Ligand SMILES: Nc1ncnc2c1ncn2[C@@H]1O[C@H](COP(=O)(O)OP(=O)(O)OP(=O)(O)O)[C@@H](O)[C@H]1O
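Taking the form predicted alone, here's one chain by itself in structure tokens.
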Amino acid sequence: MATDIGIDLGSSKTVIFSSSKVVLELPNVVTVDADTWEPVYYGEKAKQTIGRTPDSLLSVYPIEHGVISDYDLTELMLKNYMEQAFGNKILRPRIMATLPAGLTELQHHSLSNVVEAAGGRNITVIEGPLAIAFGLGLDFSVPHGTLIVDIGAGTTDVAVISLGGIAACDSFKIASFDFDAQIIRYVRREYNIEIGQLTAEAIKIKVGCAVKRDIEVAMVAKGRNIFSGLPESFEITSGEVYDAIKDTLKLICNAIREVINKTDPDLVADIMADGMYLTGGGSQLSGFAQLISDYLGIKVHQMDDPTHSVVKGAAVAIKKPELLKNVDYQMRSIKELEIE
């Protein structure tokens, strides 16, 4: 029976961790009836309907830029995912849920409320970078700065951790989804071909790069010619993808620099000595660690399992609540979070 659960409810997907393993990882997409807004499909099946639905159906992302945009759909989706992961084998578990850094108390409250409605008992909501720090096993008893950068689908979280708390942080709405959007625009502009989000994502994964490759690679993709309206194939190279996304890459590097600029000099000295930790699904883009290192002049440690580092850290924190003592977190029910 699962009693302690870590949940990473991100812009792109939900990851649920329990019993020392990932028990569920599904896209945060819901296909709904266009008239009634009733859910029809969740998860992977819903993702495959993006750009392929009839007029009677819509594909919806209920979480945008790490923040719940449709409360009811998010609640139904998470409840469905909890049932898929555990069936009837859970009894009001303790849950550690994560959200981007620097959000308001109201946004913390909204996430707690959703998790409570989905079956949680005692819920703690913590920032993603803090959860990553727990997973890294940092020594929170010493005043020492650690820079963590989490590049997700909808947000890039940058935080400096010291003494078990966040010394400086920001969450930027520039991340992996923006790469997809830039690729769509590039293909339309250069090839006069319209492609969908899933095709753009496939191009990014297969040939995308943050620094130009020594040996260029290419792939063939398909779309619709914007003039003839007919299907058409085209070949796109890694160099072209780099040209399409390079401005967004620079924005992310500048975002990291912004947080460093508002960090105390002694903490920056610690970061320069130790390097920074890079994680998140977006960080898997070829050459991203090298780009950030060259841009900022800081050594970059790329984490081994970037897509699960947040949820694994949340699972560590829920088993060791003493780690939260310096940041005034506590396990609490939703009733204790009600806004007066």
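Just count from 1 along the sequence shown to find any residue number. None of the values given here were measured: they were computed from a predicted structure.
This protein has a second form, the form predicted together with the named molecule, left out of what is shown; the following refers to that one.
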* To do: Determine which one of 174-182, 234-242, 77-85, 262-270 lies within 4.5 Å of the named molecule in the model of the complex, judging by heavy atom distances; exactly one does.
  => 174-182
* Heavy atom within 4.5 Å of the named molecule in the model of the complex - the one residue of 68, 285, 303, 60 that qualifies -> 285
* So which of 163, 251, 205, 218 gets a non-hydrogen atom within 4.5 Å of the named molecule in the model of the complex? -> 205
* Asked: Can residue 280 be called a contact residue for the named molecule in the model of the complex at 4.5 Å between heavy atoms?
  -> yes
* Asked: Should residue 223 be counted as a contact of the named molecule in the model of the complex, where contact means heavy atoms within 4.5 Å?
  -> no
* Taking 4.5 angstroms as the cut-off for heavy atoms, does residue 130 touch the named molecule in the model of the complex? -> no
* To do: Considering only heavy atoms, tell me if residue 18 and the named molecule come within 4.5 Å of each other in the model of the complex.
  => no
